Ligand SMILES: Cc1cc2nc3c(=O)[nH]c(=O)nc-3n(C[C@H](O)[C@H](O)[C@H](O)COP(=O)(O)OP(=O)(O)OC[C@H]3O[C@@H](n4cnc5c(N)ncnc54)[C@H](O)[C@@H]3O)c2cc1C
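Next comes just one chain, in structure tokens: the form predicted alone.
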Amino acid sequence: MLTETDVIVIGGGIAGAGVAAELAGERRVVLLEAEERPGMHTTGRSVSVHSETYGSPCVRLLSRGSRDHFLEGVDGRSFASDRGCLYLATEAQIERLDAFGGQPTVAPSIERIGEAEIRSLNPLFRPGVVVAALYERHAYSLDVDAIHAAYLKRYRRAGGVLECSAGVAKLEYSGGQWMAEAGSRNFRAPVVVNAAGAWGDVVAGMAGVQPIGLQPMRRTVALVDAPTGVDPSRWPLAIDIDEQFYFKPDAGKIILSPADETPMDPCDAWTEDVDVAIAVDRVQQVIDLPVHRVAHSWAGLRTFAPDRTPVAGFDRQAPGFFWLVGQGGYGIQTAPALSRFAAAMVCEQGMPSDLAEFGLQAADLASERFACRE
């Protein structure tokens, strides 16, 4: 069976769902998801926080352009809740903390605080260990499941077609059209959006398109009990300035991570016990947190482009092939802005005006910025 459409989107995670929802009102769209349901890999394992200071300068612009979407939510329900974010420094890390805080896209959003205020935000910090921090007051916890589900609901309401258990087995370009073989069906469209996450270069290779050099990296997360009698619900997210660990409250427990970045091939990632142990040890060095058991642990892949900034735009050497990959650890917090940008580019409508006012440029996201593709 052959389905004719305007745009084929490959990948039903937050990137694919977001751009599909934005496109569905303008184009006929088919969204192809390899798994039995969307969001089973990176999107479904995210503990995302919206921070306008996290990531590369371009990522920060996209995060800024996404804030209103999260705060407004849908049907009167916000996707965001107040959290705050602390970047932590020991005495030996002060210079790096101040260098980070002095960056033009960071400085307006943070304030430098000392040990007393750090301990007022979280009294479990060990005295004399973390001596300074940068505090981003307006950082938010995000309801990832609700954000993803809202995009899929909006997509279906606009008439979009979602095909699950439809991994792409073949992708060819002929006569101005892309033909995708997925599941037991064939789909044809002049535009294909590669939102395949860790499999982005695999999809490109299947299509005969030069890969970008995407690198999936495993990130480990563990969930532990809060100390008896301690309510961590108002703690801010805490990140080591050298990103050697982070921790945050979650439904009465505490999420912690060693902020590992283990290079992997695209796969369904699983935790390693040693990474969980490293996470516990690093966090225990800065806060008084007895850990008697790990309630749960999981891992996901964060897939980076070579410069750790997302890739979004048509490939100059492959007509109708649109990249939407390399979101790394910022895919959720940048999804609204990146989805709007990508949909505008696919429809040849130009940069959304608010993103242009923030200073975003299409060249910042284009695949041609990499030397291997010149």
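Just so it is clear, the model here is predicted, and its values are computed rather than measured. For every residue, the number given is its place in the sequence shown, counted from 1.
We do not show the form predicted in complex with the ligand, though everything after this point is about it.
Between the ligand and the residues Ile110, Val203, Ala189, Ala89, the one pair within 4.5 Å by heavy atoms in the model of the complex involves Val203. Comment: the ligand is not present in this chain, but in the model of the complex one of Ala337, Val346, Ala305, Val49 has a heavy atom within 4.5 Å of it, namely Val49.
Residues with any non-hydrogen atom within 4.5 angstroms of the ligand in the model of the complex fall in just one of 90-98, 192-200, 75-83, 124-132: 192-200. A residue is said to contact a partner when one of its heavy atoms sits within 4.5 Å of a partner heavy atom; Phe322 fails this definition for the ligand in the model of the complex, lying far away.
In the model of the complex, the ligand sits within 4.5 Å of a heavy atom of His41. In the model of the complex, the ligand lies farther than 4.5 Å from every heavy atom of Tyr151. Remark: Leu61 does not count among the residues lining the ligand in the model of the complex, judged by a heavy atom distance of 4.5 Å or less.
Candidate site formed by Ala15, Gly167 and Leu301: every one of these residues places a non-hydrogen atom within 4.5 angstroms of the ligand in the model of the complex. Using a 4.5 Å cut-off on any heavy atom, none of the residues of 63-93 reaches the ligand in the model of the complex.
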